[in-house]
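This document opens with one chain alone, in structure tokens, the form predicted on its own.
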Amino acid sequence: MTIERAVSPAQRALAILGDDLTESTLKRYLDGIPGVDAVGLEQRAAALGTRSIKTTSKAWALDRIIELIDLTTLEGADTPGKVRSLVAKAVLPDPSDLSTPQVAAVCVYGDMVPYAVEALGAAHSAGTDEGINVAAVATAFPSGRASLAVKLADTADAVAAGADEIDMVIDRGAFLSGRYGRVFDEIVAVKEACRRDDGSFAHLKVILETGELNTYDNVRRASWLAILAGGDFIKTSTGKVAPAATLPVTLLMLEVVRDWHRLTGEQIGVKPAGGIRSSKDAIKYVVTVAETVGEEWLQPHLFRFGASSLLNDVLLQRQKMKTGHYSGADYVTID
């Protein structure tokens, strides 16, 4: 007689699935999630994307977009100097207008966390609700192809260095082959690796890499899995795989978060990342959030844009609204 392996316990999953938390019960639950009406989803996203907003609302939206940005550099050529420049821009996005809000976070590789923390200085949130967070990608980002021990060490090192948030990647190979228990266990273990010495946790964003999941059904299933395992945010993409964030996929993930909130009363964050470069596109996401889960979600602890070049376009649009004319690209710093 074979004893089925129980997956790691997670409070959310236990509350939804009960004490009998095994590979088969998890798979049965996830496979039982209704399929996505792809045509209906894309039509809803297209309709939301055509909504126009008034001038006063646009000014508010541009400032809010800045406040929701994870200003990102994730290149093999990153240096401490580049991270310091990124931090300077995060703290003071537009030196010509001191009323410009600061971004939510800077997002870097784990070995760059100490430089980001040092450069932020007093502007670093350091686990509080004030200031700018430091987010670190981890778990063998972007591929996720490493042993669990390496992934956990990657996470723990970043947290020890001062990271306030961890952006992990799921094992897409395991997910696509139906090994949901393995993906679940890894997320639970990474969540535990986010624990600080004082018992608090760095926030965990779970990257689904939706461009590799192939179907909307898989995106919905992976979103539920990430939430059940303890993710604080569900994130579309690493930005290294095409397609990255799309409006239909983000809408679908927002609908999962909405359904989870209705079921449990708990709020989960959503982060579209990769490919959102213009203010016009970002405003479509703001409208989609407001119409799907409500304006309450338009706060840094519940919604983020993962972006590097988006901030520049928002700053140029903001200057246009104040001066009446477009500034050249050289009026903002080069990323």
Partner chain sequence: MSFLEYAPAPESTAILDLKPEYGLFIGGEFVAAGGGSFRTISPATEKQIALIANADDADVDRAVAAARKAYDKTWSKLSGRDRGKYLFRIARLVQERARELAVAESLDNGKPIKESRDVDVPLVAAWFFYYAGWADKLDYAGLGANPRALGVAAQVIPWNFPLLMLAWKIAPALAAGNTVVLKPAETTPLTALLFAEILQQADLPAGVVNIITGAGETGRALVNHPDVNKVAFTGSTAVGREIARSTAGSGKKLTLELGGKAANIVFDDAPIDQAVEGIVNGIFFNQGHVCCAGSRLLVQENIHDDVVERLKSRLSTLRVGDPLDKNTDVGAINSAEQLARIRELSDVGEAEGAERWSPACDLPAEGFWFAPTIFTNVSTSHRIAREEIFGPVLSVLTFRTPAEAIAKANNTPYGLSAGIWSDKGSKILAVADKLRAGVVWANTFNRFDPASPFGGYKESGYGREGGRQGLAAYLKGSK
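Just so you know, these numbers come straight off a predicted model, no measurement behind them. Numbering follows the first chain given and starts at 1.
There is another form of this protein, the form predicted together with the partner chain, and it is not shown here; the text below is about that form.
Given a 4.5 Å cut-off on heavy atoms, tell me which of 257 to 265, 92 to 100, 68 to 76, 171 to 179 is the interface stretch with the partner chain in the predicted complex.
Heavy-atom contact with the partner occurs in 257 to 265.
Would 11, 227 and 232 all count as contacting the partner chain in the predicted complex, using a 4.5 Å heavy atom cut-off?
No, none of the three is in contact.
State the residue from 280, 301, 28, 54 whose non-hydrogen atoms include one within 4.5 Å of the partner chain in the predicted complex.
By the 4.5 Å criterion, the partner-contacting residue is 54.
Residue 310 versus the partner chain, in the predicted complex: is there a non-hydrogen atom within 4.5 Å?
No, residue 310 is distant from the partner.
Should residue 220 be classed as touching the partner chain in the predicted complex when contacts are defined as heavy atoms within 4.5 Å?
Judged by the heavy-atom cut-off of 4.5 Å, residue 220 is in contact with the partner chain in the predicted complex.
May I ask you to state whether residue 291 is within 4.5 Å of the partner chain in the predicted complex, using heavy atom distances?
Answer yes; at least one heavy atom of residue 291 falls within 4.5 Å of the partner chain in the predicted complex.
Check whether residue 276 has any heavy atom within 4.5 Å of a heavy atom of the partner chain in the predicted complex, and answer yes or no.
Result no; residue 276 lies far from the partner chain in the predicted complex.
Looking at the partner chain in the predicted complex, which residues in 27 to 45 have at least one heavy atom within 4.5 Å of it?
The stretch touches the partner through 34, 35, 36, 37, 40, 41, 43, 44.
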